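We begin with a single chain expressed as structure tokens, specifically the form predicted alone.
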Amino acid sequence: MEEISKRKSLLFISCEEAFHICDKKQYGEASFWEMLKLNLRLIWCNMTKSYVKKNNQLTTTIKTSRVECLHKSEREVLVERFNEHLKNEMQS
């Protein structure tokens, strides 16, 4: 009986483990064995399917976004202005 439970634990994973593998997959860090276990769980678990779907949507959105970040010097100026404004507000 113990051998059967060991086999189960090798093939069947929890939702939390499936979520972790899904995150690893997003960054290309999941192994073939992990992907196999994730795909097996996807066959029957709606919660995992939903998580994977949302994670894939997030990945696609981030890859296709055209977000431009501030340069370091621009950020420093913004922080300086914010601190000045905050200081003036506290004095009044």
Partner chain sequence: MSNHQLNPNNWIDLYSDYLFNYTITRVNDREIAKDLIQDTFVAGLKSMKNFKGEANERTWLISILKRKIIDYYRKINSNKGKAEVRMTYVNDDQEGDWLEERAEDDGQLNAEETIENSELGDAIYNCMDKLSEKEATVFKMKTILGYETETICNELGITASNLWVILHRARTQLAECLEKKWL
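Numbering follows the first chain given and starts at 1. Because the structure is predicted, anything quoted here is derived from the model rather than measured. Rigid core here is just the name for the largest C-alpha set that superposes within 1.5 Å across the two forms.
One more form of this protein should be noted, the form predicted in complex with its partner chain, which is absent from this view; the next part is about it.
Trainee: Counting only non-hydrogen atoms and a 4.5 angstroms cut-off, does W44 reach its partner chain in the predicted complex?
Mentor: Residue-level check for W44: no, no contact with its partner chain.
Trainee: Does M35 reach its partner chain in the predicted complex if we count a contact as any heavy atom within 4.5 Å?
Mentor: No, M35 sits far enough from its partner chain in the predicted complex that none of its heavy atoms falls within 4.5 Å.
Trainee: Is there a heavy atom of N39 lying 4.5 Å or less from a heavy atom of its partner chain in the predicted complex?
Mentor: N39 lies outside the contact set for its partner chain.
Trainee: Any of the heavy atoms of C69 lying within 4.5 Å of its partner chain in the predicted complex?
Mentor: Output for C69 is yes: heavy atoms within 4.5 Å of its partner chain.
Trainee: Taking heavy atoms and a 4.5 Å limit, what residues of 52-90 are near its partner chain in the predicted complex?
Mentor: In sequence order, K54, N55, Q57, L58, T59, T61, I62, T64, S65, R66, V67, E68, C69, L70, H71, K72, E74, R75, L78, V79, R81, F82, H85, L86, E89 come within 4.5 Å of the partner.
Trainee: Using the core for the fit, does the CA position of C15 change by 2 Å or more between this form and the one not shown?
Mentor: The answer is no, as the C-alpha of C15 shifts between this form and the one not shown by less than 2 Å after core alignment.
Trainee: Spell out whether the Cα of I43 moves at least 2 Å between this form and the one not shown when the two forms are superposed on their rigid core.
Mentor: The answer is no; the displacement is under 2 Å.
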